[in-house]
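Presented as structure tokens, the chain that follows is alone, the form predicted alone.
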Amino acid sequence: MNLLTLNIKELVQIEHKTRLKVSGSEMNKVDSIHNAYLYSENGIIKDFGKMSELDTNIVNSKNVNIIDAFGKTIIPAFCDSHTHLVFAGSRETEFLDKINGLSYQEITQGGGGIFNSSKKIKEISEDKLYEYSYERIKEIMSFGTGSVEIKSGYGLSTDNELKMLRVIQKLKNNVPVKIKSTFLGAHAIPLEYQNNTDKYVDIIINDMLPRVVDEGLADYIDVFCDKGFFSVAQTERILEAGIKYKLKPKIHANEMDISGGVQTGVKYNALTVDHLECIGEEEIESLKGSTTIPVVLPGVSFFQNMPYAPARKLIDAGLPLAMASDFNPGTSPSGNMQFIYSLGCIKYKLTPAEVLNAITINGAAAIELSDITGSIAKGKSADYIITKPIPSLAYIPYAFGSNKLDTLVLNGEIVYRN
């Protein structure tokens, strides 16, 4: 079925010449058309422009579904490049621990944190885990997410990591959202290996990785390279093993401290380095001239009451900043990318245009999907949000407590309506 959306108040983030990412000062620019139309055929954007330029043959075609978007704005669907949304249960008891003054490290040392989620993954059936995760996909769609990366990492054993990755694979096959899968066996060191951490690294490399690759369950490999987690040397071992299996690296870096994770990511041509709450000039300098995309996660800083990553410095350094939700049960229990949009403006002091680029085209670049989604361009997938009537683009981050989505279109099909 072909889809024609008419009378769009403003069609935002159009591209006549497609780009794979947007960097530096260019992030403050988004092109748009007022009083516009958008037409797709078989899920692909075929044409767009001013209503006065619309070919009447399209309107009169028998094979076109028409949406009247009078008073409404269209933006690309959000691309959330960092999540852990496959998990078995919430951790609100730890939320109370945080309110009572315990740090994330203290909660983890007491068997909470990632270990809490790991225990729940071990106990849940694969079918039930899929059921919970499917509901979360529907939830993020309701706020406008059209592409998402999902990590394993709560299994911390071969069987349970595979369980998580199989659930992600099943989601890929059953939902309209575009999904990339990341193997994160190196999310934490299990309690039984705390005194022999290299032994667990051996298990990741020699046991988990071959099974993951044999079953074709991952697009990327990730390591939590940070204080109290995996060292630079251990990270390098894991990345080198993953690269041999043709898994591109991604790195959790510099959330807790200056860890060397950013430089390690650059050294191994990591697709992204994520978190970056604790970075300085040396880390930023290392990213210049590299192909590695910095990804910041404001939901973590908000929920954990942590410092926010230096997003402005990263953009001013000419880098292609991406922004994601880090949807997970412990440190960012929300996949609402509209709220991430608001945090990007409110906490990082970025403009609505800069954040829109960070959560669409650059988010898509951070999971290698920007050639097919992340902006409104001919030849790209028809993945877009039709908002409720709003006065301007800035209203989306401004009205942080309300859902501005009216309709979500993915692959040229209406998949969600409020």
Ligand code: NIG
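A residue's number is simply how far along the shown sequence it sits, counting from 1. This structure is a prediction, so every number in the text was calculated from the model and none was measured.
What follows is about the form predicted in complex with the ligand, which we do not show.
Novice: From the list Y200, F143, Y348, F224, which entry has a heavy atom within 4.5 Å of the ligand in the predicted bound form?
Specialist: Residue within 4.5 Å of the partner: F224.
Novice: Taking the ligand in the predicted bound form as the reference, which of Y104, Y130, Y308, Y268 has a non-hydrogen atom within 4.5 Å?
Specialist: Only one listed residue qualifies here, and that residue is Y104.
Novice: Even though the ligand is not shown here, does it sit in the predicted bound form so that R91, H187 and D326 each have a heavy atom within 4.5 Å?
Specialist: Contact check passed for all of R91, H187 and D326.
Novice: Choose one stretch from 313-321, 200-208, 280-288, 251-259: the one whose residues place a heavy atom within 4.5 angstroms of the ligand in the predicted bound form.
Specialist: Only one stretch qualifies here: 251-259.
Novice: May I ask you to state whether Y154 is within 4.5 Å of the ligand in the predicted bound form, using heavy atom distances?
Specialist: Flag for Y154 set to yes.
Novice: Residue-level question: is K180 within 4.5 Å of the ligand in the predicted bound form, judged on heavy atoms?
Specialist: Flag for K180 set to no.
Novice: State yes or no: in the predicted bound form, is some non-hydrogen atom of T292 no more than 4.5 angstroms from a non-hydrogen atom of the ligand?
Specialist: Close contact is absent here: in the predicted bound form, T292 is far from the ligand, nothing within 4.5 Å, heavy atoms only.
Novice: Examine I114 and determine whether its closest non-hydrogen atom to the ligand in the predicted bound form is within 4.5 angstroms.
Specialist: Yes, I114 is a contact residue.
Novice: Taking the ligand in the predicted bound form, which residues of 74-97 have any heavy atom within 4.5 Å of it?
Specialist: The stretch 74-97, when checked against the ligand in the predicted bound form, contributes H82, H84, R91 at the 4.5 Å heavy-atom cut-off.
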